[in-house]
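Before any questions on how it binds or moves, here is one chain, the form predicted on its own, in structure tokens.
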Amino acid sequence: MSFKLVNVWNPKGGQGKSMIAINLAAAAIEIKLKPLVICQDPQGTSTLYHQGGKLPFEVVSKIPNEKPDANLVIIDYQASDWKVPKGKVLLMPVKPARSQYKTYADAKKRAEAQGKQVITIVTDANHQRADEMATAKKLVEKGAFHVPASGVFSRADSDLVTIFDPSMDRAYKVKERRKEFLQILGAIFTGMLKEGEGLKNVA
């Protein structure tokens, strides 16, 4: 089975990497794909969710030695990892607060210098802070996706499920949040990745 490979990376912690990884995998299930999440931090959020036993996909802690039985492989990188992933496409979540943004900008510059294709996802912009909203707007104008802060994520987190879980069907604005992840997934599968990109090129 050929697969597409996505790296969710930002050396700054708390940007939403695991939230992006697990909900992107759940979005893949919605369109009949078979995802696999590789959590680079064994104590990370993706692993914790998997241990809850409610995810409809596998989460593993190591890159498999053999080609995985999956259409989409998502690697959830741990914080403080400044080594630019070797995969071609990077998803970079970023909170637009000034202290958070600088790390993202420095890491993005490193990635682009190595010819990576970066998909930026703005998370948790504070609508009461004009500077954050201005940064978020600027990023979106440059092509970034925006996943707003929403109670639906907190509710899903309390049950260790994704926002695509049936138990979330009546959650406030869940349809909008699900649509955002499906749009991100669509961008990934629109000619941005090579078929069958080997995991040996990622480690």
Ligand SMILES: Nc1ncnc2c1ncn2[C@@H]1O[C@H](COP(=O)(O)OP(=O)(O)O)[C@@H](O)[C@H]1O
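All residue numbers are counted from 1 along the displayed sequence. Keep in mind it's a predicted model, so treat the numbers as computed, not measured.
Beyond the structure shown, there is the form predicted together with the ligand, which is absent from this document and is the topic of what follows.
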Between the options A144, L160, A149, A171, which residue brings a heavy atom to within 4.5 Å of the ligand in the model of the complex?
-> A149
Partner-facing stretch of 67 to 75, 123 to 131, 102 to 110, 80 to 88, counted where any non-hydrogen atom is within 4.5 angstroms of the ligand in the model of the complex = 123 to 131
T45: touches the ligand in the model of the complex, heavy atom cutoff 4.5 angstroms | yes
Is M19 one of the residues lying within 4.5 Å of the ligand in the model of the complex, judged by heavy atom distances?
-> yes
Any non-hydrogen atom of K95 within 4.5 angstroms of the ligand in the model of the complex | yes
is_contact(F164, the ligand) in the model of the complex, heavy atom dist at most 4.5 Å = no
